[in-house]
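A lone chain, given as structure tokens: the form predicted on its own.
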Amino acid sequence: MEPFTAIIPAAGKGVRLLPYTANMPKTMISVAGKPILGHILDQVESVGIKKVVFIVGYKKEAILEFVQSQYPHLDVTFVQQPEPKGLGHAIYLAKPYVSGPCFILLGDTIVDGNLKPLVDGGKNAIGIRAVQDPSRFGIVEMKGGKIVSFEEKPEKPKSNLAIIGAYSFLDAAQLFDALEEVIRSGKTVKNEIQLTDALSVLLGRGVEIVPVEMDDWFDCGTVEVLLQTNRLLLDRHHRVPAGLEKENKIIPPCWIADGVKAKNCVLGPYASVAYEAELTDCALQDCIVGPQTKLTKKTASHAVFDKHNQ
């Protein structure tokens, strides 16, 4: 089989994350020591994928700079989405650059769990998880262990099984053809072309898509969810560079990137500090500090800082 190509839609602004997204796309907001996109690319690499197509739009320069500096070993292509026409439209823009099998991860979603069953199962697959409020998500309906329908944010959900934003297809051409049919039909939901409608087209053509249940996922769409995700990830991964505790008090769990400069600080619990940040005389708990952020004499709890909002 040909190697998989990853498609990462990352064109969105993230209005609910203002003011942090006033100067950067939402996928570049930090959580647990690195931008959301960094977690996503780590997951892509964890399943052995080396070729990635990014769909970019809002403040794309931040994404290009981050990927090229932090992941120079990946084979990357950046495709501009000129206007926000929905996830289905974003995926379709990757068509000229993708052949063979493809793996899709949404640019604002961190999946918790092993993604290998999605790409190594030898079938078209989609990640799912039971949720309390299915009306907020794309939903799959199951019968006899098989997916029988897809629906985007239904008012009356037929199940509580949400699509978590991770998909794999053995033949990308099949997916692009289904997306083309949706686009030609003019069908939209809230003026957006939906990927779930293309999945419904595939089902109607007899194409099987198997469900793969995932441990958890974090749709980092609000500041509260960002901080909650930060706490959950830090409960699993505590990391402090050697020597940082000589001039600072670190209360675990924390995630502090290499190259961070800190002096006379109390950090934690639940403080994450991304690369090239500089902190002096700060006391931060339950906080996220983004890359290249400089803070002096800052005392805060339950807060997010980046280099544009210090």
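Note that residue numbering follows the sequence shown and begins at 1. What you see is a predicted model, and the numbers here were worked out from it, not measured in a lab.
One more form of this protein exists, namely the form predicted in complex with a small molecule; it is left out here, but the text below deals with it.
Contact with the small molecule in the predicted complex, defined as a heavy atom within 4.5 Å, holds for exactly one of Leu93, Val212, Leu202, Leu87, namely Leu87. This chain is displayed alone, yet in the predicted complex one of Val182, Val223, Ile163, Ala172 has a heavy atom within 4.5 Å of the small molecule; that residue is Ile163. Using a 4.5 angstroms limit between non-hydrogen atoms, Phe176 is distant from the small molecule in the predicted complex.
The small molecule is not drawn, but in the predicted complex it has no heavy atom within 4.5 Å of Gln81. Though the partner is left out of this view, Gly138 does reach within 4.5 Å of the small molecule in the predicted complex, counting heavy atoms only.
Mapping the unseen interface onto this chain, Thr229 falls outside it, with no heavy atom inside 4.5 Å of the small molecule in the predicted complex.
Residues of just one listed stretch (113 to 121, 145 to 153, 69 to 77, 202 to 210) have heavy atoms within 4.5 Å of the small molecule in the predicted complex: 145 to 153.
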